[in-house]
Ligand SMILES: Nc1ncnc2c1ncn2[C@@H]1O[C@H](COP(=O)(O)OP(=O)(O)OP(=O)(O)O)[C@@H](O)[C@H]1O
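Shown below, as structure tokens, is a lone chain in the form predicted alone; questions about how it binds or moves come after it.
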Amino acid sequence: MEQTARLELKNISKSFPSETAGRIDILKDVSLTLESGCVLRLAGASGSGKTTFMNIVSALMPPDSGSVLFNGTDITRLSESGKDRFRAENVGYIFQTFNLLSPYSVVENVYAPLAFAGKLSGDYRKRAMQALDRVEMAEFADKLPYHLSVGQRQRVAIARVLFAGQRLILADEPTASLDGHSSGLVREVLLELSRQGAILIFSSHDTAFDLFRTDMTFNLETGVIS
């Protein structure tokens, strides 16, 4: 993983139509800077804008105003193909929906995103197996996703991010519905990724994350960054 990463949000605002209030402000003039290894926790009730925030910083959704810079490049101004390339090269997703590809085996799911982006190199299967071993899933390498439990699927999603080595990690409720062992593995790997230089942005209602190392918390209900 390349160690240098810098994410800058400059005066980001986003609102959505409302039948009762005209428009509802989800983000209003948000500015913050995250460097390599920084951990940002998003706090707030369901519907407060945590997923919207992640979608904006990953260029899946444009802000109404403001800019998002990653290593000096304004990703809000990239073409659609440029945004796709930015995500493939820089963004790792760990969501509660897993987004595994059902026709492919576990190990193929680990390296599939980089394969689709044309970024595979070297002994990629060996490295994919090492990532699976890190999350205790190597013995399931040739299984299909539907053979796996919920916790096992999430561990495959974690292995996929470990394999790719992206510099911006987005984790949206990554331990929801997981057992204690799987949840612990997820937290360990997230910290490992941040120590390797990734910027980590996560949200979780799991109380175990209350002891998780964070550098900054953004409460989307109050708009306060602390």
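One-based numbering along the sequence shown. Not measured: the values here are computed from a predicted model.
Although not depicted, the form predicted in complex with the named molecule is the subject of the following passage.
Against the named molecule in the model of the complex, the set Ala45, Thr52 and Met61 is in full contact: each member has a heavy atom within 4.5 Å.
Among residues of the shown chain, Ala208 is not one whose heavy atoms approach the named molecule to within 4.5 Å in the model of the complex.
Using a 4.5 Å cutoff between non-hydrogen atoms, Ala21 does not count as a contact of the named molecule in the model of the complex.
With a 4.5 Å cutoff on heavy atoms, Ile26 counts as touching the named molecule in the model of the complex.
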